[in-house]
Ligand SMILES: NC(=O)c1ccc[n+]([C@@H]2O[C@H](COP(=O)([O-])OP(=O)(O)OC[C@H]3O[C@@H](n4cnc5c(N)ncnc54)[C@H](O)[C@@H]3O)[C@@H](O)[C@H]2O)c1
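Form predicted on its own, single chain, as structure tokens, below.
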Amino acid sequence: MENIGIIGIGGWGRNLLRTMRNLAGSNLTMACDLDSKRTSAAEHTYPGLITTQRPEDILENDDIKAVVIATPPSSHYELASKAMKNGKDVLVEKPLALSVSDGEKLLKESEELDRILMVGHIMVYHPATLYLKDLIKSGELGDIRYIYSSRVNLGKVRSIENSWWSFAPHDISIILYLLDAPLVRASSTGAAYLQDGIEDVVFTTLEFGDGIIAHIHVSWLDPHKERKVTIVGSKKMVVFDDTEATEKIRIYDKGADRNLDYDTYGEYMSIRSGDIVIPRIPGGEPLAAECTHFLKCIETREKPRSDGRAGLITLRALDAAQRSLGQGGAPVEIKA
């Protein structure tokens, strides 16, 4: 059982700390945060946990074999790079880095140093997402035509990152995980109503090499709380609504078929509307599944589901859409 350290225990880091400490087979022994109040609270909550305010105490500790990084994104590259160069496996929160070049460096370093590099794309560990993946692979939906997602609510308004960088990594990671297709370009529009230069609402279209398109709507200035993904196939359609307590997935036997009219030698469209199926989705906390997967990858050296390459593709999509946003919606090509 390898010793694990965590850097950053505010906000989401507290959840990672709690989950790692409660998992069987996890040996999270050390936590770091610049805020002494957070480290004091962690010591009180988790007896035996060693805390520090210096990241170096974890990064340079030979007894620590893996590091969880849940700091602001601006520090992800530096901390993840130092950790891997010191022989440690890494789970870094999304996004992988703030620039594509830094993301490429991290991926290269992980391959050269033979280190596990996993990105905290929690939604690819959600039981509903795994169900959708199997549903698509089974062919029940037919050919995937397009996907659209909506992740909106009223708050929490950020002052550093815009709604695109705050919310969209979840939707991008889901879409990329579900589609076995190359991402080729992004176009994006949005507006900053509350703070200059920080978009509150963003509408983005991602284009894939096989003709599939995906649309993502994110906002923290919306009357609804919605976390929904809709997939339209040639045979059936499916909706994943993460705000639903139990009935998270609905499969619609609906579609439009183009048929040959032998009387006129022309074509006509037939609309099909069948049953709605609500499948039973296994329970389980996605964060616990993510952390368990990281522990398994440390032990077996297998490639994580959300590895550095997946994190880099997500980062390229984020970057391309942001550049399109700055260019008034002009399409931006995405490097293969």
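Computed from a predicted structure; not experimentally measured. We number the residues from 1 along the sequence you see.
Although it is not shown, the form predicted together with the named molecule is what the next lines describe.
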Quiz item: Is there a heavy atom of K156 no more than 4.5 Å from a heavy atom of the named molecule in the model of the complex?
Solution: yes
Quiz item: Hey, in the model of the complex, is R38 touching the named molecule, heavy atoms inside 4.5 Å?
Solution: yes
Quiz item: If you check in the model of the complex, is G10 within 4.5 Å of the named molecule, heavy atoms only?
Solution: yes
Quiz prompt | Distance check, I122 to the named molecule in the model of the complex, heavy atom within 4.5 Å | solution = yes
Self-check item: Among 90-98, 238-246, 134-142, 224-232, the region lying within 4.5 Å of the named molecule in the model of the complex by heavy atom distance
Solution: 90-98
Quiz prompt | Selected contact from L79, L107, I251, A128, since only one has a non-hydrogen atom within 4.5 angstroms of the named molecule in the model of the complex | solution = L79
Quiz item: What is the one choice in I64, V68, C32, C291 with a heavy atom within 4.5 Å of the named molecule in the model of the complex?
Solution: C32
Exercise. Kindly confirm or deny that R185, G311 and G328 each have some heavy atom within 4.5 angstroms of the named molecule in the model of the complex.
Key: no
Quiz item: Though the partner is not shown here, which residues of 161-179 have a heavy atom within 4.5 Å of the named molecule in the model of the complex?
Solution: E161, H170
